[in-house]
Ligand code: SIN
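So this first bit is one chain, no partners, the form predicted on its own, shown in structure tokens.
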């Protein structure tokens, strides 16, 4: 179903640097509103030798690990199948992923300068598998429209910004995107949710969850009410066959050698096809946002009528 024009604009950036302070703030505002910033030619340099090495890697069991993850704060690599990768290959992959993560962080520190004092570097990932037809558990499937939330890493209101590289030499990476969070979430909630003035935030989160049909139990006390809702909403969208069948879906194809970035907690997205991609995630604190009214946190708090973090 594709009624009307795509509500998620693709903003093409031909000459990414240098960036004035005013332009950097404008890029941040567009991202926060739900736009995708698209670089036809990636600004992240990857050497031909490193690229050749990455293209030679292939996980044999697609159900074992969704991605190969690099954790920059611990300088650790996870998700590698040791039975097909010797120690030297793992060490080289580790080095490449460290360099990629550092390169993206350095570049975006200048390109999105309003964020640099109030964001944190999260995981980077290498995605060597063919996305089309992957055999994954339902909640881990990439081909179902969803907004992002992390089951083991609550953000407490920080937004999830992701930077992607299609490193396949000849194939596009095929996405579909849906209507932004601010349009999707209220469709599953009544027009007003008004907790009593003395209602605790946790109770508000339960009310909000019940209102959108996601249940009331908060599975982890480590999660804020906001994180609890976002995790259940992620699962709800993937498990809701009616939503998947009837929601608006807008295709986007990202060519070889291109990059793009998007707030994946705001833009419902799915990956239908493609192989070999790199990605770096940032968590942008609420204090850094230049247009906080667009954030899922503010959208949900306006529905719940109370603070959720």
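Positions refer to the first chain, counted from 1. What you see is a predicted model; the values in this text were computed from it and never measured.
Separately, the form predicted in complex with the ligand exists; it is not shown, and the next lines address it.
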property: Residue among 173, 232, 159, 223 with a heavy atom within 4.5 Å of the ligand in the predicted complex; result: 173
property: The ligand contact in the predicted complex: residue 271, any heavy atom under 4.5 Å; result: yes
property: 4.5 Å heavy atom contact, residue 163 and the ligand in the predicted complex; result: no
property: Touches the ligand in the predicted complex: residue 179 (any heavy atom, 4.5 Å); result: no
property: Touches the ligand in the predicted complex: residue 148 (any heavy atom, 4.5 Å); result: yes
property: Candidate stretches 224 to 232, 114 to 122, 139 to 147, 72 to 80 - the one whose heavy atoms come within 4.5 Å of the ligand in the predicted complex; result: 139 to 147
